[in-house]
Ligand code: ASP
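Consider the single chain below, provided in structure tokens and representing the form predicted on its own.
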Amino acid sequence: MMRRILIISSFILLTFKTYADEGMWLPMLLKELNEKDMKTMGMKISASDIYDINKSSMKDAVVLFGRGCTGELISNEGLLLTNHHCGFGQIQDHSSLENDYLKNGFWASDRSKELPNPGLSVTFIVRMENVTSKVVKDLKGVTDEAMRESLVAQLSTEIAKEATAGTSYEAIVKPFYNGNEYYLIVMEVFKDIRLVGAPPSSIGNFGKDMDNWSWPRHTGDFSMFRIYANKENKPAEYSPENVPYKPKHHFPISLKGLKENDFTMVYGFPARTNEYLTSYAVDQLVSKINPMKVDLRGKRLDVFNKYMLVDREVFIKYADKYSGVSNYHKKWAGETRGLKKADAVAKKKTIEMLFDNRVTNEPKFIAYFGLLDKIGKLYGSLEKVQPEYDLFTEALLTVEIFRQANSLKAIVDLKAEDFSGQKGKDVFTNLKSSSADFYKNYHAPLDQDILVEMIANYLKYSKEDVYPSIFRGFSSIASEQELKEEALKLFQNSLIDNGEEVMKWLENPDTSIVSKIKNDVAYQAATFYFNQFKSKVQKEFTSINAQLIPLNRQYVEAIRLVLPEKKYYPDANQSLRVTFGKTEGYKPGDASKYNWFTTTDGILEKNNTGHIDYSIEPRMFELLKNKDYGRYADKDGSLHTCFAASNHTTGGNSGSPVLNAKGHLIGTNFDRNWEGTMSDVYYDINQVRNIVLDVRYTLWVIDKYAKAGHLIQEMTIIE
């Protein structure tokens, strides 16, 4: 038996190799876990230069931008750089037909012209601390998952409160390694963030859908903001009296460029990965979940295009929504392809075979015996309900009138006496704000067509023999024309698609509004569908996942002990991380190889194809044709636009600073290659590449195209 284990162990080392490029590492542990590898790859600075709580370090120049991106400080005047797609929502909010900043770009000529963005914040990390012992000491013997979750929440709140007592800081305790470890994160949050500059979408989103999740790229994906603080340099709500924030650190910007195989590092807030999923989960993702979701999003994009391409006002309203739908439509397709190409399911099974062998033959691991079998059985049950769950989120919930109708349930749920009290006031205040935002970017004819498409596709995918269709009322409708007629009737007879009417209800709180809402056909339809989902789908989905949570937590605990050959990093959870790799191209397929960088020549080449996604303005065309690159040119005289590297990144790393061996800014992370999007689940050094906007192209656009040289002057430039 021992000989069999050794044979399997030798085989698995081929597929279980730890690549230096792989991993999203906690900056506080770099000295212990990664500094040696980083220096071997070429890094010239120390781990304490990257993260230190006793002196200024690079962590003090990296922020969580809004709710899901990263940004970096590039001047001692609070100037912040992030992606164009990260600032897209703010650029859209400031845009109108008269001032179309999405189309024409925006550049504040001085600080008085910088535009405030209510609701936007940036978050600095003050420090991180392992508090696992404080959390788990009270969890011993707790087997009920709901009780465990409640205790963890209570303990986490107490720890965070104690850590910030007497300060203006905020704090949170986050689980790592599927809840096997816990870390306290102390933060400083700034709320006065102003838009400074953004290129037109023809630069900031050059290539659009054609190039999204693709390499080679030529996208100038950046926008600029400024952090403002009070006169004590502390966070404050927006005020004309606020002044530019003075950061503890800002990144010097290098114009020296790179060469192939140079060390690179990404510092940011990756959102979510699932590297420790079992083969059962990955198999379902590849064969069932992703294909259906890709199909549903494709149908929605077709409807969006139908309206957005002929009406600029609708385009502005739906630009951000389109971007969100399109982004994951292509990502999931690439993820599926990448996982298949890497044979990820088979490789996961190989790892699991070694795991089972060791657990079976080594008495010290007996507690994990049969663990994978239990997980596999639950995924067998989940396979029946997961499609119905995804159909609800990817079909029904995409009908905007249903989401808005469901939000009005907060009024229906009020008691008569609540209408004159604080509870009623709070409900109406919140709904007025959210409804104003909703109707500002809502187009009922488009939504009506979405309803038709989503019902048709729900009926196509839903397995009524497993769960009654939540679209039972439409189940007898056979043709597309009949679906259109039913949708038209719903919209004609509802008032919820009429923003002016709904806002009147909300301006005059009265119990009579309850009957208006309850009698509205859109509200009745939404309520029926939501109730069906909760009773027929969500209940079982939640039950199965509640059983999987402790088993997955135990599996992550187990593999770290049973399979110590690999150096383990925690899954991304929007906490500050460092990843490192090197500049390199890759082979996407047989007989093809991609270089590691692109130049502005590629912009003109793509523009010459005549495709609408590659349109550029006449001024940009002339600048590129004349090749006036100045000090931003590479040694070979060309202007580099983007480069690819083997840093392990994911969503949330958008806008992250990409740094050279000396810790100087060389670019802004903005995407991954299509073949490598599966890195959220499985990392393959042969396929995975992050895509970076070369900072020299960013500065050239600011200086030469936008003529905003005053912004360059406040940066620290290394020639």
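For every residue, the number given is its place in the sequence shown, counted from 1. Since the model is a prediction, treat every value here as computed from it, not as a measurement.
Only in words, not in the display: the form predicted together with this ligand, which the text now covers.
The partner is not drawn, yet in the predicted bound form one stretch among 668-676, 59-67, 44-52, 28-36 has residues with heavy atoms inside 4.5 Å of this ligand: 668-676. Contact annotation: of the candidates Trp213, Tyr586, Tyr101, Tyr228, the single residue with a non-hydrogen atom within 4.5 angstroms of this ligand in the predicted bound form is Trp213. Although the partner is absent here, Pro657 lies well away from this ligand in the predicted bound form, with no heavy atom inside 4.5 Å. For His85, a non-hydrogen atom is located within 4.5 Å of this ligand in the predicted bound form, even though that partner is not displayed.
Residue contact with this ligand in the predicted bound form: Gln687 places no heavy atom within 4.5 Å of it. Contact check for Gly663: every heavy atom lies farther than 4.5 Å from this ligand in the predicted bound form. Taking a 4.5 Å heavy atom cutoff to this ligand in the predicted bound form, the contacting residues in 630-654 are Thr649, Thr650, Gly651, Gly652, Asn653, Ser654.
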